[in-house]
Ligand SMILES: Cc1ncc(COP(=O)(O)O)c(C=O)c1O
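Only one chain is included here, represented as structure tokens and corresponding to the form predicted alone.
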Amino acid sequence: MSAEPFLLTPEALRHPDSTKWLKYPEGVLPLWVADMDYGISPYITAALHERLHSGLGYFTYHRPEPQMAPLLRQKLATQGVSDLPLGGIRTLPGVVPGLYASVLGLTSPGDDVISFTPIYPPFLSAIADHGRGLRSADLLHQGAGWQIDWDALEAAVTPAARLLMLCHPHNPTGRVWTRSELERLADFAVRHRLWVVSDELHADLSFVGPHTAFVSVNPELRQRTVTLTGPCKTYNTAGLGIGAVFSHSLPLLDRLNRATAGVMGQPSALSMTMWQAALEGGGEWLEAVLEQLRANRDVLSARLADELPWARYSPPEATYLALLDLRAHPRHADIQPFLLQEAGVALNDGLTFGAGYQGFVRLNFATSPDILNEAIDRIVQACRL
């Protein structure tokens, strides 16, 4: 893949349909929502063009599994997932609807749901919007980076706890849970008889080696776990909404279907084409993107260490998202609007990831080196103590 997708300018990126670039006024550098600034794989573009010549009428939804399921099964096998039954992969209009479906299908009003915080905001809204109780276990941010607080996790268990919601790799910290951590989490879920939904949307964006699916680490998880996946973060195709939920337990998948019957919707024909093309021929593009993301992450890490040493930050092991702890700054109570106004950089406010995270911001470094360095320049200038 050529380097062209990384030679980007704000003028080129402010197209009329870009939520990321149009939410804030011209001149603001938007490093917030989880969109990459890079163009999509030429292989995907070619497949979409070809699909347009085949018509866009109704297509087959009622087959046991989507057309691209054999390719997805091959991919999942590299993550340790095998022996999925026929019908064990079902499409979704996106991973966020899968989070909601899991809460609706695996719990009842008044039940408690356990999750780590900070966490991707739809985890919190899926719980709150449907009258479930959040039992949060705050992660520890120590010298070795973000870690699970196992005592806090055990303390989160109540008689009403029914579901563990896991984000793996974790958003917003970028942690990739190790196999030993996953095994201990599996023991926790089995011991407390919890259902599990594991959001593994960022699985392909790892800097530390191949992804290990949570369900693969303990056979006792197979009948109590549903896993969410999708292509939109990996291949930068959020505008073509699609995801999938897979499980070894067809009854669990049926529960999600019944809980959302008639309101879930289906992915589009172009979404299906896009995902199949990504699975078939998106590897070279993805390899180049990961190389650029790693370089951007390392630039961010080095510059923060050198120019804002008081800012606490652990380089992410996956994703293109970095969580910065700026609570040492005098304006920590309104740090996100402060940076928007004083630096002209739009980041995600830490409070959206859970109570107690005011003073944190999430930065999206999936952009060109020029834009990233300009944003860092502005943040450093605004935040010097």
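The shown structure was predicted, so the numbers you read here are calculated from the model rather than taken from an experiment. Sequential numbering from 1, following the sequence displayed.
Here the subject shifts to the form predicted together with this ligand, a form of this protein not shown in this document.
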item	value
Stretch in contact, per heavy atom within 4.5 angstroms of this ligand in the predicted complex, of 193-201, 157-165, 67-75, 124-132	193-201
Listed residue (289, 96, 213, 137) with a non-hydrogen atom within 4.5 angstroms of this ligand in the predicted complex	96
Listed residue (242, 101, 226, 278) with a non-hydrogen atom within 4.5 angstroms of this ligand in the predicted complex	242
Residue 221: touches this ligand in the predicted complex, heavy atom cutoff 4.5 angstroms	no
Distance check, residue 233 to this ligand in the predicted complex, heavy atom within 4.5 Å	yes
Touches this ligand in the predicted complex: residue 247 (any heavy atom, 4.5 Å)	no
4.5 angstroms heavy atom contact with this ligand in the predicted complex for residue 340	no
All of 173, 324 and 360 with a heavy atom within 4.5 Å of this ligand in the predicted complex	no
In the predicted complex, residues of 22-40 near this ligand [heavy atom within 4.5 Å]	34
